[in-house]
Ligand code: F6P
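In structure tokens, one chain follows: the form predicted alone.
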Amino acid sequence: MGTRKRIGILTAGGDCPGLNAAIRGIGKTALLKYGYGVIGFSSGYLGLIRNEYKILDERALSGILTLGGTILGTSREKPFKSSEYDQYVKEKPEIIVENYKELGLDCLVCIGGNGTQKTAWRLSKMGLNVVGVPKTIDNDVWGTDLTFGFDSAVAVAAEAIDRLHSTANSHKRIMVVEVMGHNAGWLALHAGVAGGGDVILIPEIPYDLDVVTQYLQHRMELGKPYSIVVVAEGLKLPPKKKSKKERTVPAGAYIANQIRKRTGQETRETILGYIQRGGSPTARDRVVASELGAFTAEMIHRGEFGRMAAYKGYELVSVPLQEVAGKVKTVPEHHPLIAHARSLDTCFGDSIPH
């Protein structure tokens, strides 16, 4: 590559819509605006450890804007996480540093969620020039108001809820739909509001099943023969009474079973699962990923390393990876969307709307 600057890109963690748009945004800006060389590592941090990569030229970046998944592949490899089954774990960070230097990289771009950004920060502490790009359908990366992948997941979940309305109405049932989100309720909140969920249960708001069932029964008394309950997968479930052990059943299945027992109404659960992560990104996510990607290349050109590209409102900024690492952005109790949903008679399990 001579004196030409060279950057490496990897996508780590779970896949989500918009990853290819971000790769394209970073790569094309770096190539065309700044004249950098660009390579892409396969399978996240695993490719960096194994030194598996490919050259990302204009041809490789062409036609990928609308594609779901990631052309680089991904994995949940965590090079700093010890494992009794992996005798090389102590060497992995050192191998990464060695490969980075041998490839003559001027910067490593790490596209991913919370775990990816934590690893990126630790690599930056080892002396590597690293820039993070936030992606996740959960929208829970600390330090940014928005991540790409989120809008696409909300659209998929909202459409599923739309479809459940018709079958719930036809059979006069209570339909419980579980959406992704780990320990943050952003996806359940937005999809629930967009899909007209009657009950939305998220990890951030303590819920009472008696309140939920009273509300559902009240709807029946008002002549509303069906209801939609949206549940975040990370909802906290009460431990088993006898053993005090944590429940291992999906949150949606548990809530549906409890509603069925307590109300006697026909109740069905639907767990959306991985369909929320697949497919083409929405127009909004394509814009967000492209903006974050182009901004990342600009950060590299300015020498802003050890930082993550982020949104503050509609403004693109960079934030220190040290502030991002190890934190999760959860839904504030008094978030405006929660207040607005309550005014629309939505129940969050903590009180019966009036």
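Since the model is a prediction, treat every value here as computed from it, not as a measurement. When you see a residue number, it is the position in the sequence shown, counting from 1.
What comes next is about the form predicted together with 6-O-phosphono-beta-D-fructofuranose, which does not appear here.
message = Within 4.5 Å, heavy atoms only, one stretch in 173-181, 278-286, 195-203, 101-109 touches 6-O-phosphono-beta-D-fructofuranose in the model of the complex. Which?
response = Every other range fails; the passing one is 173-181.
| message | Although the partner isn't part of this model, could you tell me whether Thr136 comes within 4.5 Å of 6-O-phosphono-beta-D-fructofuranose in the model of the complex, counting any heavy atom of the residue? | response | Judged by the heavy-atom cut-off of 4.5 Å, Thr136 is in contact with 6-O-phosphono-beta-D-fructofuranose in the model of the complex.
Open item on the list: Under a 4.5 Å heavy atom criterion, is Arg76 part of the interface with 6-O-phosphono-beta-D-fructofuranose in the model of the complex?
Closed with: Output for Arg76 is yes: heavy atoms within 4.5 Å of 6-O-phosphono-beta-D-fructofuranose.
Requested in this report: Report yes if any heavy atom of Glu233 sits within 4.5 Å of a heavy atom of 6-O-phosphono-beta-D-fructofuranose in the model of the complex; otherwise report no.
Outcome: Yes, Glu233 sits close enough to 6-O-phosphono-beta-D-fructofuranose in the model of the complex that at least one of its heavy atoms falls within 4.5 Å.
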